[in-house]
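One chain comes next, on its own, written out as structure tokens in the form predicted on its own.
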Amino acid sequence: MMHVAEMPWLWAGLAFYAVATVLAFRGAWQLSPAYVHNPVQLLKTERLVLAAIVLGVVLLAIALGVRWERLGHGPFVNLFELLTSQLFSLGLIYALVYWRRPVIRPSAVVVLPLIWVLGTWVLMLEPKDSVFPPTYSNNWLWAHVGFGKVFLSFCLIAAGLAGLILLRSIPRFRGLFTSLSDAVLDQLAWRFMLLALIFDSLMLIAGAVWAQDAWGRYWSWDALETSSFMTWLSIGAGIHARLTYKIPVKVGAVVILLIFGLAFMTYFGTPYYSEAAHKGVV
């Protein structure tokens, strides 16, 4: 791997994400019947998890800032930049929700390992320098990217809650998270999917306006745009099925995870085999 100024900060940020992951599993154990339940000790562990995530976010922000200063543009172009910026935004938004909504805190045992999929991936990439195309210099780019990051973060939180529902159905993990019912987890997960739909819609609208200014067309049905539209449809269809047909909780959890998988592939797969004009910019 190339030795560039931002790498030590990136490694340090990911190290704190790793600490948060270990602490999250410790917190899960403290919720199990095999552990003498101590609310004070559990709260202390949760605060340590939050502190570790926040430190990771701060260090990743420094890594992005150092790279931005060095190259003269934001993390919008190549895969290394995209993954690093997503590690930052996913950690930031999850930390905010983790802080404000204590009920979702057990989801850290699913959310943080999913974030580490990106963390492992980014460490396997060369931090190659990139050139910012002139057509990308548009204020709508910021709205498009910002809405997209919020959308994916809410989708990740929903996937974390859905993952808890499925974990509890496995005999080995049935004793974990007994303080939360499947009905509560299901309700929370679909609320976050509804928020994801709102921000996904805003992302698509801002992206279309940006495309019109950058390339003179709102929509061209390239691979990335088509995949993004399919993700939007899948979220809408999932919410419709949940509200109209009262699908079983475990089926709903699988649907949420499948939608998250599609969103993940849209973000981190399609742009890099597509010949789309905004290849790699999400």
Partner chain sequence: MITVLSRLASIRLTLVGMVALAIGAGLSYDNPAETSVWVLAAPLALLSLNLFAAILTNPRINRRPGLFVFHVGLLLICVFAAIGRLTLFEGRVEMSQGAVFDVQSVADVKQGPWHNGRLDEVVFVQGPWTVSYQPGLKRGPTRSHVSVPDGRGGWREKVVGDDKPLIIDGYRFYTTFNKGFAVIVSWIPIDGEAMTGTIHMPSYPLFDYKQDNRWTTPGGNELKLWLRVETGLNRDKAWVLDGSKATGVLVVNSGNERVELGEGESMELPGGRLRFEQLSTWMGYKIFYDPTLRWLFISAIVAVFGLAYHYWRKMAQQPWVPGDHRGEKESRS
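The structure displayed is predicted, hence computed values, not measured ones. Positions refer to the first chain, counted from 1.
Keep in mind that the form predicted in complex with its partner chain is missing from the display, and what follows is about it.
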**Request:** Would you check whether its partner chain, in the predicted bound form, lies within 4.5 angstroms of a non-hydrogen atom from each of V22, L79 and T120?
**Result:** no
**Item:** Listed residue (L83, L188, L114, L166) with a non-hydrogen atom within 4.5 angstroms of its partner chain in the predicted bound form
**Value:** L188
**Which of 188-196, 120-128, 105-113, 83-91 lines the interface with its partner chain in the predicted bound form (heavy atom within 4.5 Å)** = 188-196
**Item:** L243 within 4.5 Å of its partner chain in the predicted bound form, heavy atoms
**Value:** yes
**Message:** Does any part of T45 reach within 4.5 Å of its partner chain in the predicted bound form? Heavy atoms only, please.
**Reply:** no
**Request:** Please run the contact check for A183 against its partner chain in the predicted bound form: heavy atoms, 4.5 angstroms, yes or no?
**Result:** yes
**Asked** Though only this chain appears here, would P39 touch its partner chain in the predicted bound form if you measure heavy atom gaps against 4.5 Å?
**Response** no
**Asked** In sequence order, which positions of 120-149 have a non-hydrogen atom within 4.5 Å of its partner chain in the predicted bound form?
**Response** V131, F132, P134, T135, S137, N138, W140
